[in-house]
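The chain below stands alone and is given in structure tokens; this is the form predicted alone.
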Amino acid sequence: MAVRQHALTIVAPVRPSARHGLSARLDAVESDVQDALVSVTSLHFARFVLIDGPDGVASRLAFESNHDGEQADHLAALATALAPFEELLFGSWEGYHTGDLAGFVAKNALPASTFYLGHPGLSVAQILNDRDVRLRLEALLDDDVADLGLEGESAVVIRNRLLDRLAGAGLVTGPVDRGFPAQPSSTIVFYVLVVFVVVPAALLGLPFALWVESRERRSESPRELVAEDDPKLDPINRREDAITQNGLTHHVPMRPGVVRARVMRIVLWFLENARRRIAYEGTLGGISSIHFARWVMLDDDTVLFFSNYDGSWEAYLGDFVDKAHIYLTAVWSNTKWFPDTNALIFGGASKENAFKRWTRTFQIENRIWYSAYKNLTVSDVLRNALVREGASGDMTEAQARAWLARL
């Protein structure tokens, strides 16, 4: 049975008595919390983030995780692992009662409006297993090259010898159920929605959208966007690129009015359906560096965006501009001070310098950020899965040669 990945998001007010010095207290336990989270075997990524109020003082504490399986099991494991830090982490929330993480989550959890997965259906345990399968096979192949030479030997023979020696390693090999939707029915349903619902609605709403954009350009007060060398970004820059992956947290207010809120929800609904029905293997927008990402709409007319991605911030935002600017513009054109757009989807995120400055302006420092497989990129995870899938059954010479090329 396929393992499902889920998104957990809590954004709750900080107790007034806990606000002073909370940032420094979180920084002080960051390393210890990261070490403790290793025992939560269902956890892919997690973070704690402080969100400032209008007075510039941290007024809310956000926690988010990407996890396998049932939420109840995940929360029980979190509560156990973080028990030494409960008073600081969870106890900082207003209304939290000691020992009742599950109860607090039941009342305060926020749904993700859209939830992107770069390697869906692969649990933490499976990802680590697949890494070990490939590393073990690489080591065995290196031994064979050193001892036997392998010059001119059949790829099928080499593969069979590797698999015989791998068999005693206690690792899972062969295909696993990743829970992908039945095809082609899922794709057909999506395109029926596009043709008969999305396109007519977009055409009917286009004149109104153009009028709204024109009106907002005239009325929106200007906002000074930060430059890349602004000292305000130093805390964020210090945390980036420490490992193969990075975590982006972004928080921005919505543009006022019912229209913008509804458009935002419709766009996110469309992207979620695209993700579930046609991009279910993790290919939405052609970006191959995102492990998990999601938008969450808050009840104070602001929007949170969480992303766990590979490589540098510059490269990641560059991918956004090159490959997914229409999707991002459709979403973020409904938020304040976003670069000027046309018809809700053009311009905006395609204006690279303006988009990057806008993103930095509303980016928030991750106080505590955790990854279960720090040195694996999305490409690594998917390549390892292909190696594991191919480590069982029979292959032709061409198939065996292609499989060996992945080691």
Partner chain sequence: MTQLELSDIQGIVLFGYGSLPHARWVHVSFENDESEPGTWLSELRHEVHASARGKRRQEERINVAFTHTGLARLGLAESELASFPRELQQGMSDQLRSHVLGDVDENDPKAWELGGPSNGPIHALVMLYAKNVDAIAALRDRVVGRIAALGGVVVHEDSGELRDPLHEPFGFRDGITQPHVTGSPRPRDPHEDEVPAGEFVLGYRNAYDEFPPSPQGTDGFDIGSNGSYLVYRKLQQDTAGFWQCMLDRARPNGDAKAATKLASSLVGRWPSGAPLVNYPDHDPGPGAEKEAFAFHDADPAGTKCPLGAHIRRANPRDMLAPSANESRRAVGRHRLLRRGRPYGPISKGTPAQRATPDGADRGLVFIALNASFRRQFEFVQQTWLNNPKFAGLYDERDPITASVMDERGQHFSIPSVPVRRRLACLPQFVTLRGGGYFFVPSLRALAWLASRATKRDAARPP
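Residue numbers count along the first chain shown, from 1. On a predicted model such as this, the values are computed, not experimentally measured, just so you know.
Unshown form predicted together with its partner chain; subsequent notes refer to it.
Shown alone, this chain has one stretch from 166-174, 205-213, 240-248, 259-267 that lies within 4.5 Å of its partner chain in the predicted complex by heavy atoms: 240-248. Its partner chain in the predicted complex is approached by residue 353, whose closest heavy atom lies within 4.5 angstroms of it. Although the partner is absent here, residue 19 sits far enough away that none of its heavy atoms falls within 4.5 Å of its partner chain in the predicted complex. Among heavy atoms of residue 323, some come within 4.5 Å of its partner chain in the predicted complex. Though the partner is left out of this view, residue 404 does reach within 4.5 Å of its partner chain in the predicted complex, counting heavy atoms only.
The single contact residue among 281, 73, 220, 138, judged by any heavy atom lying within 4.5 Å of its partner chain in the predicted complex, is 138. With the partner omitted here, the residue from 83, 315, 188, 201 that has a non-hydrogen atom within 4.5 angstroms of its partner chain in the predicted complex is 315. Heavy atoms of no residue among 15, 23 and 224 are located within 4.5 Å of its partner chain in the predicted complex. Along 204-233, these residues reach a heavy atom to within 4.5 Å of its partner chain in the predicted complex: 228, 229, 230, 233.
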